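What follows is one chain in structure tokens, specifically the form predicted alone.
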Amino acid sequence: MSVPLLRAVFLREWAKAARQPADLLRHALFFVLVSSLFPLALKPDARALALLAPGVLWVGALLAVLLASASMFQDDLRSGWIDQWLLASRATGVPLALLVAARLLAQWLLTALPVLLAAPLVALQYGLAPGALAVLMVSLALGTAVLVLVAGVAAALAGGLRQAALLVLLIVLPLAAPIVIFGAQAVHAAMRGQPAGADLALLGALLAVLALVCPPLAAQGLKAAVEA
């Protein structure tokens, strides 16, 4: 019974996105605009652009994914969808944390995938080598997943409050600093011809830990928001 229920939660988000495809393009467009403004403001120096590339691309991706995820549970709480989750969880015995995990997975795919598809095109402006670009893509995939997990917990805790999206941004932005540091350092190491495995391993370990911790925490936050 758990698999059909999880599939229904996951596919609902894709159905909503299919009805509003402009939202998917908006995330990628925001990332492209933010990342493309920096080269226009600098001298056409290839070395300077390459030096700035990891940090600029990472900050652009972080903001695009975070802005898209800051209010991920607000509409569901307003419409009573989270109440249906609670009823379905009690009726089937499926933990609410698993339903939240399916929702977070869909959120990552819908918000980070457009950014990841646009990243190679934006990286051309900075002259990233193929090896550095490959490391950038892996680090962005891991880092954006970590970011969605953290944003999911913050969005669940702030779901019943006014200005919840702003509160989520204030909570998550300081916590996102290590993600940006590890991701940018991995790309810088690849640009220097050095191994980037240590920083990528740190991102992977962080993702593994938060994948276990964040769904139950977000589930508790949603229960509190429904009962409040």
Partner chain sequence: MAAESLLFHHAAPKRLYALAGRWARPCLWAALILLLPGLWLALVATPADAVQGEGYRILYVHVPAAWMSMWIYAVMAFWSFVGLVWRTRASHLMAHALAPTGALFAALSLATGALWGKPMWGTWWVWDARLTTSLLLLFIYLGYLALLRAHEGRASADRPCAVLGLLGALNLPVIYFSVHWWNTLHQGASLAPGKLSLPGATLAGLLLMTGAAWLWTFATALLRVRLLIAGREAHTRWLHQLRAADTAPAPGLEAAHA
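This structure is a prediction, so every number in the text was calculated from the model and none was measured. Numbering follows the first chain given and starts at 1.
In what follows, reference is made to the form predicted together with its partner chain, a form of this protein that is not presented.
Undergrad: May I ask you to state whether L157 is within 4.5 Å of its partner chain in the model of the complex, using heavy atom distances?
TA: Yes, contact at 4.5 Å.
Undergrad: Should L210 be counted as a contact of its partner chain in the model of the complex, where contact means heavy atoms within 4.5 Å?
TA: L210: contacts its partner chain in the model of the complex.
Undergrad: Just to confirm, F182 within 4.5 Å of its partner chain in the model of the complex by heavy atoms?
TA: Contact check for F182: yes, within 4.5 Å of its partner chain in the model of the complex.
Undergrad: With the partner left out of view, is C214 within 4.5 angstroms of its partner chain in the model of the complex by any non-hydrogen atom?
TA: Within the cut-off, so yes.
Undergrad: Please pick out the stretch from 59 to 67, 46 to 54, 188 to 196, 168 to 176 that is in contact with its partner chain in the model of the complex, where contact means heavy atoms within 4.5 Å.
TA: So the stretch in question is 168 to 176.
Undergrad: Within 4.5 Å of its partner chain in the model of the complex, heavy atoms considered, which of A118, L96, A106, V150?
TA: Only one option qualifies, and that one is V150.
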